[in-house]
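Take a look at this single chain, the form predicted on its own, given in structure tokens.
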């Protein structure tokens, strides 16, 4: 140890009964050093900062220690406090400076602020339970034993993604788990994920947020109002009241990895839970409002997120926070990837203009720690910027939620005019959007948390969001949905049968397309949100997965499981390149009701395509008839030395809608009737 290190370990000040010394400005936040804790907080415009310590969790402040003037490095307040118990101490900051909203400054030293870099946050240990304790920063630990379990490292082309909300997945009493609505509850349901065949879960926000922060009685249920980017949500942990949410979440990740399932986090770097000037001051606004947020010349908040504020992502301070945050989740939690909410905001400059070469995105794309991490962009924002196919991707590092796939698939399945050619492009992995990146740039989906569930997509013509308390104004108005004849629930057997076929057709199209398929939680069992396409505030049956549906809709669940298994059995569906359509040996051939005669006309509602495997076996033929009448499709000849085996017929009653490949007999006919609004799938096997 050098002389400088020896000197640094000795106190130089004694204030309020605590030994102190000047701290190190990096890393930001609170970190252990020999004998004490280093506290570092950056603010470009603050004039003073005070550390507030709570040595008894949930108790009153033990002491407030102003940072001495000589404990400042540049614009960073940094101080080591000796003798603190890192396991129990909680802390916050009072930050002083000008109160000048017109100039962008909103300093208020009467408020104790959260540390933006806090590894854990207390104050909401039980979800939805209001307490007198404010949100407080904690140190957190990094002593978890991973027991040698490593991330699975699954290639993009092998993924089947399952988007889920941690609490909604097991909160329903029918889930049967010991600790509903928690990380532990999700861990108990891993067998369901394995049976379904998914190998990647995309978790809606699990960073700490205050579900009770909204002005009225509604909840921030979905959790997009982040207040702690480094801290797992305590209210999602069984052990949250014990402050053990870090270990509980790590245990979930470890168990998922041990079962071959990757973890992608939905991260929200476009806005925070502080809202606009009417919102609470929790952290960022009180520490350095002008640096953290995009502000108009009059000091008001630019709102490209639709939630009141927009993080100033390409400001150096914010950019460094985002990078350090992702580093922490990868290195400390072994996270496999990130889905960036409203990612187009990450490409705007400090005034909201779209950048040609956004520094933040370039940094993430080329960062060595993130080199093997999956980066997925929601390539649009609430300010009207839509970049699907044009998101800055840096040599293909960013994949995209393909909203164009969703829209084209829904319209084709509904039977709209002029959709056949468009959906054919989608089946190939959208080469017109990703001409050289390949289909792995396309995360294909038909439903996600935003919008209708799969069951509701084919049960409602319009949204029914009255229970949200916004007079049905919230949520998307254009859903490309169809109620099949009656709005909402019905006992009409013909309509119910049509809805069942539409759900199966949707799953078939999704799983037979190149790209990365993403399923929405509960769609495999017919979950409904009662026509609500934006249940962001509902901690109740509208948002929960009702596990009784596994029995009620066992036929649909069986179909979904078998379809995922079929995708795994046919490598041609998972190839990482766009298929060739020309030459002597094309990878895909499009047909109509007659072989080699696709129907691209505006009025056409039928599409057949043939995925050709190199050795013939494993080739797939699919015929989609979205017309209200049945059509006879003449089948193309099977590959050499192979026979067609029928595995899917969505017009047939279960179990005839899916015949497992190993049980499917050879097809002895040269044509097949595809019923109205149905699809047929054949697989080539050696004769």
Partner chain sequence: MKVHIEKRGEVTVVGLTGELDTTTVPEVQARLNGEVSDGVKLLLDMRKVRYMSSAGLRLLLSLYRKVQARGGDLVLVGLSDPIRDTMEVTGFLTFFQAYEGLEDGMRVLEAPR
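Residue numbers count along the first chain shown, from 1. A quick note: this is a predicted structure, and the numbers were derived from the prediction, not measured.
Keep in mind the form predicted together with the partner chain is missing from the figure; the text below concerns it.
Contact annotation: residue 247 falls within 4.5 Å of the partner chain in the model of the complex, judged by heavy atom distances. Put simply, residue 88 is close to the partner chain in the model of the complex: some heavy atom of it is within 4.5 Å. At the 4.5 Å threshold, heavy atoms of residue 178 reach the partner chain in the model of the complex.
For the chain shown alone, residue 184 is a contact residue for the partner chain in the model of the complex, at least one non-hydrogen atom being within 4.5 angstroms. Considering the partner chain in the model of the complex, the lone stretch of 260 to 268, 160 to 168, 204 to 212, 236 to 244 in range is 236 to 244 [heavy atom distance within 4.5 Å].
A heavy atom within 4.5 Å of the partner chain in the model of the complex is found for exactly one of 251, 553, 291, 479: 251. Between the options 491, 217, 395, 147, the residue in contact with the partner chain in the model of the complex by a heavy atom within 4.5 angstroms is 147.
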